[in-house]
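Next up is one chain by itself, shown in C-alpha cells, the form predicted on its own.
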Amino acid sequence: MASRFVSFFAVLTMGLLSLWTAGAATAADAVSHLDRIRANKILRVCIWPDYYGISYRNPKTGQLVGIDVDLARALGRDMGVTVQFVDSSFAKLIDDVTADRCDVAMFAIGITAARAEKLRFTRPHLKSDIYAITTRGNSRIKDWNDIDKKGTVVAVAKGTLHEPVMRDKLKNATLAVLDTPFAREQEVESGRADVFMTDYPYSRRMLETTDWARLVEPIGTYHVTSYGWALQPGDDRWYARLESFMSEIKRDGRLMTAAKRHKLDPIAVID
C-alpha cells in the first residue's frame, strides 16, 4: 500500500514538473514586440488620421502631421527602424491593438478604467478637459450651464471617452451617440443636435477649419483625462522601452518642442 502511494506521488510530481517546465519554456519562447521590431526593422504604429494636432492626415497633401506622428518618428529614429502608420480609430482601438495589427497605438488615447482592462498604457504625455462645440447661431447654448437642460441634444462619437462620461454626467439633456466624429459634427451643424463634446486638440480643429463652430468652455474643471500610448498587456520589455522613451523626451525637451509645434503646449505633461 505504501509503495503504491509513493509511486502515485512520484507520478504526480513528475506530471506537475512537466507542466511547469512546459509553461516556463512557453514564456521563454514568447517573442517580445521589441525583438520583432528590431528583427524586421519596422515599427507599426496605430493612429487615428482625423485627430487634429495629434495624428492628422492633411486632406490636401495626404501628409500626416501632429504631435504623436512626430514622436512616433522620433521613436523610430532612436530604434533605428522604419515607422509604418496603421489607420485605426477609437472604436477599433482595442481590437487593433489586441489583434496585433500594430505594436503600439500612438494617438493621444484617453486613459480610462474600461480601456485599462484591455490595454496597457504608458505614463501620460498630454491631458485635456472636455469642451463643447456648438454653432455660432445657436441661441439655446450661451455657456456651459445651458448644456444639461431638457430639450438640449448633446452629441458624442461612439467609442470615444466622451460617450461614457456624458452618459454618467447628463441628467436632463438627451444624449445622441453617433457612429463617427464627422456624423457628430453634422448633427450640430445641421441643428439636429445643440452641441458635441470633444477635447482640446479637436476643438482647435473646429475653430481653425470651419466658419460655423463656436467653443463652449467648462466653468472650472469638468472631467480632465490623461492621454498616453497603448499596447498589449504583458510584454514587459516592450513596455519598458516605451517608458524609457517617454522619460527621455520629457527630459530632453522633445515632447515640449513637439507640443509647441502643434500648439498643444497648454496640455503637455512633462513631469
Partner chain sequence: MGARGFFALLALFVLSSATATGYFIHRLRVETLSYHLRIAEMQVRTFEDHLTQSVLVTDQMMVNLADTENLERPAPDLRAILRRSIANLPQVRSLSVLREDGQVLASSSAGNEGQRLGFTDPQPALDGDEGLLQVAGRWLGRDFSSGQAVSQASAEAVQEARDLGFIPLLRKIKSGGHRYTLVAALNPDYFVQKYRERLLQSPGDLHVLRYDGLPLFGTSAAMQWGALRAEDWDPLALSEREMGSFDDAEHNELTAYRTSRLYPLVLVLRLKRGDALTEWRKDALRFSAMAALIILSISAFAILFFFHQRRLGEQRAAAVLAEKERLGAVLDALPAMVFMIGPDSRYRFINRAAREFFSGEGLPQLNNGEYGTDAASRYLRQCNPTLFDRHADEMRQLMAGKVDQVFSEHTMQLREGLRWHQLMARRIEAEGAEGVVAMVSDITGRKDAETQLHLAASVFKASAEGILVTDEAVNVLSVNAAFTQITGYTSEDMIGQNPKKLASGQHHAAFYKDMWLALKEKGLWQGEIVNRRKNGRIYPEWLTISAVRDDLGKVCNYVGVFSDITERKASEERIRHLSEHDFLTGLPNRILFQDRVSHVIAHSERNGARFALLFIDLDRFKTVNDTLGHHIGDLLLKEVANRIGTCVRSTDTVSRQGGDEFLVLLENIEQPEDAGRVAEKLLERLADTCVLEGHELHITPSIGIALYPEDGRDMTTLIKHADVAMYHSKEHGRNTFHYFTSAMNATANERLLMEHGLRRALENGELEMHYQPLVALVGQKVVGAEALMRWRHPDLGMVPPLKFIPVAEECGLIVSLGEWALREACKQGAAWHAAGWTDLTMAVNVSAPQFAQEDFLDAVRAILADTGYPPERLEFEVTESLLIVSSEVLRANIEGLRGLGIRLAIDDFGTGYSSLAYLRKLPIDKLKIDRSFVRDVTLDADDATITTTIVQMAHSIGLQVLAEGVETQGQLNFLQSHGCNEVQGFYFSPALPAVTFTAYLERNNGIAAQSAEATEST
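Numbering follows the first chain given and starts at 1. Predicted, not measured: the structure shown is a model, and the values here were computed from it.
Another form, the form predicted in complex with the partner chain, is not on view; read the next lines as being about it.
The putative spot formed by T225, D252 and P266 is not touched by the partner chain in the predicted complex; no residue has a non-hydrogen atom within 4.5 angstroms of it. Stretch 151-159 is the contacting one of 95-103, 111-119, 151-159, 80-88, since its residues have non-hydrogen atoms within 4.5 Å of the partner chain in the predicted complex. The partner chain in the predicted complex is not approached by N172, whose heavy atoms all lie more than 4.5 angstroms from it. Although the partner is absent here, N145 lies well away from the partner chain in the predicted complex, with no heavy atom inside 4.5 Å. Among residues of the shown chain, D199 is not one whose heavy atoms approach the partner chain to within 4.5 Å in the predicted complex.
The partner chain is not drawn, but in the predicted complex it has a heavy atom within 4.5 Å of E189.
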